[in-house]
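Encoded as structure tokens, the following chain is the form predicted alone, with no partner shown.
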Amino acid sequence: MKYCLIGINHKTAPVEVRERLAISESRLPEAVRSLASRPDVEEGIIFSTCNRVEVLARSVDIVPDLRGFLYGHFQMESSALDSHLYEYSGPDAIRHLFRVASSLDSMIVGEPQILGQVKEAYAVARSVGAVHSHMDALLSRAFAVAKRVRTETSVGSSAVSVASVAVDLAKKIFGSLQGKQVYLVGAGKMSEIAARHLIAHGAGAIFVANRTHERAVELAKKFNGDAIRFEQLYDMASEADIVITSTGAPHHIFRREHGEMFLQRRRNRPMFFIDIAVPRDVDPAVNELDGIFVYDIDDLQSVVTSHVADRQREASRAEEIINFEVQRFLERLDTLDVVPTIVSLQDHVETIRQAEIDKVRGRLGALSPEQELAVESLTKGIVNKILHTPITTLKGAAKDARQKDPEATTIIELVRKLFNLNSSRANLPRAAKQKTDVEKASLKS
């Protein structure tokens, strides 16, 4: 069983590269189906946020070609991507997933949005049948680890987000947000968070524009703002001192000619764009205009650094938790490697026990319910004591096998030969069902 992960994030690639790989919410199911349909992928999931695009896959015998998937799906040459990609496999892939879900790999350590984004990606992957059994258990464990990190450390205290940092940047620009006109373009969760922070810091009128007008009305009502129809987007933009834009548009919605028009209407009064969308909503050429200042997602990094020192100690504690949880999960995986053998052994011995009871039943005569129970208890007790040592040995050998100990593999094969066990699940319907039950219980506990 192999877990492999490949991706880019805010540490390895600038926004102009990340936006080329960004997958919109509407296109994500199709992308995950494409991943799961590959012959080298048993299960798969894709995470696509403003700061990362990652592909996590599980295979049985071969290493999946996730680079090939990225090149093909996004129709990009390897030369454009290779220097920005990172890859993890096995324990490192599991550790990376746990760190991402726990917000230790975020631009802002401890920000709360990433866990929700991972859960949304998980829901999409499950809905198209790309995640089941092992990957389902891995993701469930990642959510439990994230909860433990947030509960047992203060890494998420005074939680910040990309949206709140954007507001901090606006404060630095203006000195005060008192009475400033704000235009929210896009009515998603990030825009709502931004609006809350803006109002808390004294912002004046808030306008909201969204492609789905009903959503704009809903968000505007929460803050006593005004909803603007998307077709009137450019008519109202020049009224705003601050434009915070976060749409899912695949192309720039604010271009240089729009900036020139806004400046003319504002009589050259300065205007600030905070673009927290990936792909970007604002053409970088707009920033070349005197009087308009554009900040994208990567520009927020300078504000983020002020949060890092405060959280470093708690982040270190969180890393210890994750290292422990990775080891714990790997130990469960080790046990699963010998589950078919253990279940086959249990079935084999149980068949012998039942056959021997049936042989002597005629000589025993009619038994009372109490006597039947006594026979069952006696024979099962003997079987369990006999099986205890080989099962414990098998579990220990599975752990040693991960350390490349050749003797461990020999022990597992020896047990199979000694008891003449058939490891084919096709010939063991009851064992197969038990294996599935054991896998789920073991991995999720």
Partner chain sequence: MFACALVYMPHLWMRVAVGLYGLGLLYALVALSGKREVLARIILPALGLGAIFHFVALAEAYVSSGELAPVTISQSESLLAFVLIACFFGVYWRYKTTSPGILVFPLVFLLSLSAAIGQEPPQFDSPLLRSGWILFHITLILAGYAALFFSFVSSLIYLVQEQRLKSKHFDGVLSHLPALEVMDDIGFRSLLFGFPFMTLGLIAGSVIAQASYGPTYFRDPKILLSILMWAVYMVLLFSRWSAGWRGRRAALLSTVAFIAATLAWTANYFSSVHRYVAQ
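Throughout, rigid core stands for the largest set of C-alpha atoms superposing within 1.5 Å between the two forms. From a predicted model like this one, the values you see are computed outputs, not experimental measurements. Residue numbers count along the first chain shown, from 1.
Quick note: we don't show the form predicted in complex with its partner chain, though the next part is all about it.
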query	finding
4.5 Å heavy atom contact, I94 to its partner chain in the predicted complex	no
Its partner chain contact in the predicted complex: F262, any heavy atom under 4.5 Å	no
N224 within 4.5 Å of its partner chain in the predicted complex, heavy atoms	no
E77: touches its partner chain in the predicted complex, heavy atom cutoff 4.5 angstroms	no
V217, I173, V124, I253 - the one with a heavy atom within 4.5 Å of its partner chain in the predicted complex	I173
Contact residue in the predicted complex, chosen from Q117, S238, N287, Q181 - any heavy atom within 4.5 Å of its partner chain	N287
Candidate stretches 86-94, 105-113, 164-172, 245-253 - the one whose heavy atoms come within 4.5 Å of its partner chain in the predicted complex	164-172
Sequence-ordered list of residues in 87-106 near its partner chain in the predicted complex, where near means a heavy atom within 4.5 Å	none
After fitting the core, E77 CA displacement of 2 Å or more between this form and the one not shown	no
E288 C-alpha shift between this form and the one not shown of 2 Å or more, rigid core reference	yes
Is_shifted Y88 between this form and the one not shown (CA, 2 Å cut-off, rigid core)	no
